[in-house]
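The chain below stands alone and is given in structure tokens; this is the form predicted on its own.
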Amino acid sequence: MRLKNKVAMITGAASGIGQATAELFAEEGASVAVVDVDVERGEATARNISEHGGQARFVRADIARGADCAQAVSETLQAYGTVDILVNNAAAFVLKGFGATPEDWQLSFGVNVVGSAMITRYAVAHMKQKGGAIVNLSSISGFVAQPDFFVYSATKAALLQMTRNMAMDLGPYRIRVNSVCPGTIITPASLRHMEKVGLTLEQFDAQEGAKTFLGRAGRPREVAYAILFLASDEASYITGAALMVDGGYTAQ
């Protein structure tokens, strides 16, 4: 098992990429803190992991609130005694451009950037004692222009730079910090988008797949494997990097 005896906190773990990552980490031997604001889905994720023989605990937190970040780390320490891995996956999907309001900007940056920074702040206070790994979920949207989309894109670009700076600051403590940059992935968020614009899953998959080398959108588990690699000791000499998981979208 690649994460045997490790403790991992995963934000936004109630669904989508976060849920797939929590399940995979548990399969690889980690004790997982399922951190999310969605109590019903978060508890279901933790329960499902436990029913399949893994170790998981749901921790309710809105990471846009500093007090929630501190409490989430505290609850994880109470449950498992340490934190070895942090996956900053939670995100607010404000997919707007010039039509965005100040409240839209505050929500997007509050969760995607400030929230990720704050929970990292509290986690690394304990990780500094023995090292660890942090994986930030950025996006291809931090690299390429997309129409009427720049609120979300700006947060993901900020996460890329935050990853590089964190890697520099935390390197002396043997804490590695990397980012994973997914392309279009079929998640509950993308399913809601399909419903909003009137597309079936097959139509959406074909439309988005046409933008890639592999001819399809990705699945959450495919991103989870990339996160697992960067969180594991197999990536022991990788820090400050951005790993694309996009079917070749950004290679064009």
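Numbering starts at 1 and runs along the sequence shown. The structure presented is a predicted model; accordingly, all values stated were derived computationally and were not measured.
Below, we turn to the form predicted in complex with a small molecule, even though it does not appear here.
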Report yes if any heavy atom of K156 sits within 4.5 Å of a heavy atom of the small molecule in the model of the complex; otherwise report no. yes
Touches the small molecule in the model of the complex: H52 (any heavy atom, 4.5 Å): no
Using 4.5 Å between non-hydrogen atoms, is V32 touching the small molecule in the model of the complex? no
Please determine whether L199 contacts the small molecule in the model of the complex, using a 4.5 Å cut-off between heavy atoms. no
The small molecule in the model of the complex has a heavy atom of only one listed residue within 4.5 Å, and of E222, E27, D205, D38 that residue is D38
Single option in L170, V113, M127, A90 placed near the small molecule in the model of the complex, where near means a heavy atom within 4.5 Å: A90
Residues in which of 171 to 179, 97 to 105, 71 to 79, 132 to 140 have heavy atoms within 4.5 Å of the small molecule in the model of the complex? 132 to 140
